[in-house]
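One chain follows as structure tokens, the form predicted on its own.
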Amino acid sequence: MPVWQRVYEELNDPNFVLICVAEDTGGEAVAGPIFDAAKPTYVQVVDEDHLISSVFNFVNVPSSAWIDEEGRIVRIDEGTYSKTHQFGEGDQAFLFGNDVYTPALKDWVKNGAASSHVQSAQIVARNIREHGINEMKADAAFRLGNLFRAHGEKAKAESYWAMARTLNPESINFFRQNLTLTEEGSGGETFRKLRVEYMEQGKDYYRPLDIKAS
């Protein structure tokens, strides 16, 4: 978030609104200190039930949607990193993110519909992942799990979370949320193993960006 704060300040455009959503069942108690430490001046939202991911059918974070002044989605569902990052050290280190997304965003804010990074309605529609009956059931099961967890029913919560993962195995959101409640967290060995498995199966951990470095 500190990097996005810097990008937001660099843009300094009153017509551009940046909304950052923390999807965490821990709510304000968990996400609040992270926001406070970053001191962002853009809009921050805590989404305990992952409603944003349900609406846009995002399967991983960070993901985003670009929405123009007419309320139309003009770009959606990508790995929206502000720059290339390194996680871990030595043999355990791996790189993620990219350095092309931020320049593309700045170009859109400056040029609007004339930006070469705006996608057509057909491409946007194609890039919105299908949200069928099983995905909707998974969303409901995930929220039930959150409700039981909030009431101290750990076994029931884990049962419904497992159901959500079974119904929507493509959702890394669900998987990583569970990992945040473990000692290793959402970026540890279990997560890295999942990431490798996705790549080996030819799945898009993130949809490839159609943005080239300038």
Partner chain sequence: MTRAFGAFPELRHPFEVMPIHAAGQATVLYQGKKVTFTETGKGEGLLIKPSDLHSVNGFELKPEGVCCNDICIPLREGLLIEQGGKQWFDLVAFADLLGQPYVVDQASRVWSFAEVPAKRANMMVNAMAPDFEVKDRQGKVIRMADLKGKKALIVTWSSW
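Model, not experiment: these values are computed from the prediction. Numbering follows the first chain given and starts at 1.
Same protein, other form: the form predicted in complex with the partner chain, not shown, and the subject of what follows.
Although the partner chain is omitted here, in the predicted complex none of 3, 10 and 100 has a heavy atom within 4.5 Å of it. When contacts are judged by a 4.5 Å heavy atom cut-off, residue 143 counts as touching the partner chain in the predicted complex. Though the partner is left out of this view, residue 17 does reach within 4.5 Å of the partner chain in the predicted complex, counting heavy atoms only.
Interface residue remark: residue 104 is not counted as part of the site for the partner chain in the predicted complex, having no heavy atom within 4.5 Å. The closest heavy atom approach of residue 90 to the partner chain in the predicted complex falls outside 4.5 Å. Taking a 4.5 Å heavy atom cutoff to the partner chain in the predicted complex, the contacting residues in 118-142 are 121, 124, 125, 128, 129, 130, 133, 136, 137, 140, 141.
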